[in-house]
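Next up is one chain by itself, shown in structure tokens, the form predicted on its own.
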């Protein structure tokens, strides 16, 4: 393909600027709406997974072979710090941290709530992620404090009518039938992005949880975050093979929560159908533009053919024109889509009214944060370009059907 053909194709865009602008705008808006639809969808899925999986359940979980799904504290496993160090040193592992959990009754004055207490090793998990979840209070505990600190989900704290510094009484069943009881001082409240979790979760230091339940030297489960969380299902058997542990069950979140995975897949399929409809509408609009372009220029094609211009060169020029128009539209659509998704990433839309209540009843915070994954833009930009090139074949067919003599 010669440079002359490229220059002619580029200059032809300015011959009918209105037509070129209409075609470019159709491409831009197609990509813009595709980016918005898919970014909102994938962002909501990521929010759901991060809330339930990343924060509390773990992308990959290691526990006793009989621990899941009962989560019985009697089925805890013996702590193995050497093995845990090996897990953290694995090249595919971002972090690994042990936890211990159980259920109990939390009482303050005349108010009582049943909830799940979770022992967390803040040193292993890092306080940064937990600071982001802190709604009120602090993780700094004064030296010499005898009462164990506890951090409640903010909705649970509201139900107990508690304030920072209040002393709660906790009762439950500990390890192998031992009583779990003690006084807890409210050190803070947590926003976990999941109303159900916020209504029933109490966080303790891992050492305090072990003492509280009589399970010193025991772990309920170890939560592992891979460096590529989206590949947790494929990485789980590999990690189990590389880091063997006797009588341990390795499970990814997809295996432990198939209903969440199925809900995401079903909703994603609906989004793909919407995108297909969008592309069909835009595709017919582009086809109409190409038919108009070819009809207006058929006399031009005939004259050029009569003067000796090869049809192959004319076809290449038409394809290049379509490519340039799609490229300009893709750039404009990508810039608009990225700008709007970035704005909503900083200021995620808040659902209100019945829609918010419906989301909360399903366990999700009523916010709609979009995904900032750049692959969304590249994938749909490629689809739009291919669609534009396909409809441009109509103009190419007109070139080959044009007679050498205009009658």
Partner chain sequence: MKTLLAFSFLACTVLQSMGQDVTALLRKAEQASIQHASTMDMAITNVKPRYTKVINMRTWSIGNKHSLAVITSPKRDSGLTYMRAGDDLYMYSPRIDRVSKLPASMLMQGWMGTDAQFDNVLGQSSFVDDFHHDYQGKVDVNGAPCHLIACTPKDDVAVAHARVNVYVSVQHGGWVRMQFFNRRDQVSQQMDALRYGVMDGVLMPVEIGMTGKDGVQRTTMEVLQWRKRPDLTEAYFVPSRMTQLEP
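Residue numbers count along the first chain shown, from 1. All values reported here derive from a predicted model rather than from experimental measurement.
Note that the form predicted in complex with its partner chain isn't included here; everything after this is about it.
(Q) Residue-level contact is defined here as any heavy atom of the residue lying within 4.5 Å of its partner chain in the model of the complex; does residue 171 satisfy this criterion? (A) Heavy-atom contact with its partner chain at 4.5 Å: present for residue 171.
Q | Heavy atom of residue 373 within 4.5 Å of its partner chain in the model of the complex | A | Residue 373: no, not in contact with its partner chain in the model of the complex.
Q. Should residue 80 be classed as touching its partner chain in the model of the complex when contacts are defined as heavy atoms within 4.5 Å?
A. Residue 80: no contact with its partner chain in the model of the complex.
Q: Would you check, heavy atoms only and a 4.5 Å threshold, whether residue 75 touches its partner chain in the model of the complex?
A: Flag for residue 75 set to yes.
Q. If we take heavy atoms and a 4.5 Å cut-off, which stretch out of 376-384, 35-43, 59-67, 339-347 is in contact with its partner chain in the model of the complex?
A. Comparing against its partner chain in the model of the complex, the contact stretch is 59-67.
Q) Looking at 324, 211, 279, 130, which is the one with a non-hydrogen atom within 4.5 Å of its partner chain in the model of the complex? A) Selected residue: 211.
Q.
Exactly one residue in 270, 288, 237, 179 has a non-hydrogen atom within 4.5 Å of its partner chain in the model of the complex; which is it?
A. In short, 179.
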